[in-house]
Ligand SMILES: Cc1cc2nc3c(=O)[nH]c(=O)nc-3n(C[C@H](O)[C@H](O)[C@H](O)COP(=O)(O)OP(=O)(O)OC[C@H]3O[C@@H](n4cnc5c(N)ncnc54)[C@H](O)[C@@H]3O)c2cc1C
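Given as structure tokens, the chain that follows is alone and in the form predicted on its own.
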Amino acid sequence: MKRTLYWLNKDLRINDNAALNLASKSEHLLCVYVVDKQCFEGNNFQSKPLGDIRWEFLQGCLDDFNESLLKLGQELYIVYGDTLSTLTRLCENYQITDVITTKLPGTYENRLITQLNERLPELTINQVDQFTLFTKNALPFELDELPVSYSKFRKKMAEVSISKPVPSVQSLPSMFDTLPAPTRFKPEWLPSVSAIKAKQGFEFEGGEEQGLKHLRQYFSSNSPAEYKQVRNNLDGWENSSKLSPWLNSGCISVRQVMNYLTDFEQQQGKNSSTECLYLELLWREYYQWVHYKVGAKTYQFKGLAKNPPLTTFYPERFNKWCLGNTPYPLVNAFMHELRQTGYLSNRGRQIVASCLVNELSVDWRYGAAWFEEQLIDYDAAVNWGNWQYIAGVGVDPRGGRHFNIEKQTKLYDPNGDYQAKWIDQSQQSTQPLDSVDASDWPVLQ
């Protein structure tokens, strides 16, 4: 008799969920999501893995998924605490025979799987390959032979077919009779107050229902056919697909997005904008497989390069960058939007990353960790891969990117409209970047 624990992570949806389909074949099923204390604790880069706005969005995802499970006779069992000890205890207490989870490239998630298997060697662990557009078996090369550049990867994948979304489950097995009621209390280490809603900017509501609603709305408009023309705009709901918050949290799948895009091209015609959308999905795909291949190098200072970048850590500069208090008004506006809304345009992300690495000479990992805390659409492979790309220690064969902030301002905010929206001029500091000059340091006698 199969007694299954389904450990949910980046797959909070009923539709196109092969892991849930597999779990539905069990005799008894326990659907578990662990809210880990470590996510709310500071790390070595002066940030924490899960910020207040991201946490609020995630709660919406969890609530929505639980509502869907209730309609199928199940319930989401949310546990607050350490992930490994929680999974171990549940498996032991309820004689779990099988653990099902979605396969992810993250080193943390894979280390947990290894540790759980070591603690409970008789446990059958099924990792379902569904976070990426292509499965590992569909790749036309071994993972060790992953192309060293995106352009080569794109050419290799040109003829590989993409699987259709799998049907949604219609029923689920019952939970265990002796299972205690899901925990309703909130531990003291959780954020005590809701994230402050920004008076401006975009507001995203978590959950599969909202994700599917936005997916349908986007592809029922003409926006996909105009994507290329507006994707570098700094502001505006239509300047990008805005699918990433639901996609990267697993409320919708990349296969669903690709399916809608294919249908749009068949009905409305294919053009450079729809092609550009696909190439962006392929960039996301490439970063996932790079993460699978290089593992912990994703988070190391020298990344994939032979030598580390010529940067260090300046606490004051990093703090001013985070708070939007640098000598660069456009960068400050971007950082205000990010901190207040949990979202930032693609162009904005590139500019502020380039500023931290090139103008401020700060270790790129601190910026990547700050994005991890703030972005509601955070994805480990994409975020850290893009930061490596800017810092010149990633997959970019040209060795990094340096954006001229003055030129970017003239191109994308010539009238200062975006800056005026996000910067309170009365609070904007005119202090120099560094409060202490090298000549002010005491000399040892």
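Residues carry their position along the shown sequence, with the first being 1. None of the values given here were measured: they were computed from a predicted structure.
The discussion below concerns the form predicted together with the named molecule, not included here.
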Checklist entry - Exactly one stretch in 107-115, 331-339, 240-248, 123-131 has heavy atoms within 4.5 Å of the named molecule in the predicted complex; which is it? => result 240-248
Next on the checklist: When the contact criterion is heavy atoms within 4.5 Å, does Arg284 count as touching the named molecule in the predicted complex?
Outcome noted: yes
Checklist entry - Would Leu30 count as touching the named molecule in the predicted complex under a 4.5 Å heavy atom rule? => result no
Checklist entry - With the cut-off set at 4.5 Å between non-hydrogen atoms, does Thr101 touch the named molecule in the predicted complex? => result no
Item to check | Partner proximity in the predicted complex: Trp289 to the named molecule, non-hydrogen atom cutoff 4.5 Å | outcome: no
Next on the checklist: Looking at Cys322, Ile96, Leu375, Leu215 here, can you tell me which has any non-hydrogen atom within 4.5 angstroms of the named molecule in the predicted complex?
Outcome noted: Leu375
Next on the checklist: Using a 4.5 Å heavy atom cut-off, which residue among Ser345, Gln74, Thr83, Gln256 comes into contact with the named molecule in the predicted complex?
Outcome noted: Ser345
Item to check | Contacts with the named molecule in the predicted complex - residues in 360-385 whose heavy atoms fall within 4.5 Å | outcome: Phe371, Leu375, Asp377, Tyr378, Asp379, Val382, Asn383
